[in-house]
Every structure is written in structure tokens, then in C-alpha cells.
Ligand code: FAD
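Just the one chain here, the form predicted alone, laid out as C-alpha cells.
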């Protein structure tokens, strides 16, 4: 990709990861991020800051591509864990099933994650039939997004705040490649308009605990289909969740839902609350729209012709991560770089 000028559309975790990797791995290129929102913004349509943000693979046993995305990302986060200002730390993950499915089998990552094992009966919370534990990764979204942004700009990357209605609006006379990391906006963005993209609303509660009090996370599958989870961050914050509401675009906080989330979390793990605290200290409430896509994440290329500048432009898509944005971010970015190089070399 020598001497190419690349525009990355979107500054969520996917866009920032892809843009940063381009500058780290390719020589003599220029990378420019165009986005409506950047780290520090707290808009409901800017999904990445609201993520629970830890590694817990959603990939099924037959989803080999998604497994590779998650595997690469796990190894990357493991390598940079505890790097100053990254917001990345190693934690103990606990997965619980209120009712053990009859068709349960060990997940594909049993051989990837350090210290994977089934939980003993005496280790299970009240009302839980089965569980597993393994070493995982927690990411503080705001800290990590800033870490990526600062790395990107220190490598010479440039940025522009803009609200685009069409992919063509980010193409200039010297643009060679556009990387589309538009997330939920891929559904309505002109030139993309992917009808397979849909939102899954997620609501969380951010509580503040003493720093380093909690170095474990849990994810519980309720018998009624709900999911309950708690994820710690390096600054003592804990994300409590959650909801998964398909095609719900509302970013307003539902306080009844928030109360139910807190109740479910404390019922599962009462030790969330330090013994000397009468109640949880609620720092804020969060609502984000997971950028889901039927058929899974789209990582592929296509050529388009800019009529305005009379040249062919390579478009590389990297969107549709759903609730797997952080846990697959490095792997999907690496895949995007690989297919861009392959198409240019051919």
C-alpha cells in the first residue's frame, strides 16, 4: 500500500483499531479518519464508549472465521494488558447457566483461554446449575479509545469531524482507499445502505467500587433468556447489565430497567457490594446501540468509481460487529488489512 492515501470512516473501536494498524504496519501511507464522533463524546449513537468491553467470545463452534477474529484479539489484548494508559487488564471470568442446556458442550476457546475449567458445585452462586471460569480481558472503553486515538495521531494520522450522508463525501482527489467502519450507520449511509444492519439496544448501570476491589467478571444466562453481567474496569468502575432489545433505537434511560439490572446482579453475586457499603454507588447510566448485522460482521472489499474525480476507489468494509466489537476488533482489523493488500497486489 505504498504511498496510498486512506480514509477511515468512523472512530469507534473498529475504525480506530484499523486506522492505527494501518500506520503501524504499512510504510509511506497517509491515514485520515472522518467521523461524527470521537473519543470523549458520549452520544447514544456512538456505541463504543457504552460497551461492557471485555473478551467473551460469542462465536459458535462452526463459526471458524469469527473464532479467528476473537482468537487474534484475545492474544493481542493479553499482550498489551496493564500497558499504562491502555485501560486493558486481565481478569477472572465466570460464566453461569441458571439451567444447564441439554446440548451443552465445551466452547471452542477452551484451549485458548488460560486456566479454563468447569466450576465445582460449591463455587456456584445460589440458583445456578453450571458454570465455567477462565482468564479473560477487561477493557475500559473511554481509556482504551483514547489510547488508540493518541497512538494513531502520534504516528501521523489526521482526523476530521463530519456528519456524512454518503460514502462519496469523504473521497478527495488524492483518496485511494476508503475503509468503512460506520457501525450502525451502515444501514442508512448512502453508497452502503445495508438493510441487514440492525440495532440491539443495550442498557447498563455504571457503579463505582474501590479501585482493585473487583478483578473478576461474570455473565449469567437466565432461564427466561435474559443475560445478567458485571464487568470491572481498571479505575474501579463496574458495568452492570444488561438488555438486548432488537430494533429498538431508543437511547433514553429506562430507570425501571436499571433497577432490575442492579437487583439481578446483586442477587447473583452479593459480593459485588463491599461489606462496609450499605448500597452501590451509581456513577451513571448507559444506553448504546449494538451495530448488529444478519450474517455477521462484514469484512470485504469492492471497487467503486468516483465520477467527481474520475478514478477507481477501493472500498473496504469492516462493520456489523454486534456485541463483539471489542473482543473481535484486532482480528477484524487485521483481516481488513490483509484483504486490502491482496486486492491491490492482484
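Here the structure is a predicted model, which means the values were calculated and not measured. Numbering follows the first chain given and starts at 1.
As for the form predicted together with the ligand, it is not shown, yet the points below apply to it.
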property	result
is_contact(residue 202, the ligand) in the predicted bound form, heavy atom dist at most 4.5 Å	yes
Non-hydrogen atom contact residue 333 with the ligand in the predicted bound form at 4.5 angstroms	no
is_contact(residue 32, the ligand) in the predicted bound form, heavy atom dist at most 4.5 Å	no
4.5 Å heavy atom contact, residue 293 to the ligand in the predicted bound form	no
Listed residue that, although the ligand is not shown, lies within 4.5 Å of it in the predicted bound form (heavy atoms), from 311, 36, 65, 283	36
In the predicted bound form, the one of 94, 229, 152, 144 near the ligand [non-hydrogen atom within 4.5 angstroms]	229
Interface segment, criterion being heavy atoms within 4.5 Å of the ligand in the predicted bound form, picked from 22-30, 303-311, 273-281, 40-48	40-48
Heavy atom contacts to the ligand in the predicted bound form at 4.5 Å, residues of 9-23 in sequence order	9, 10, 11, 12, 13, 14, 15
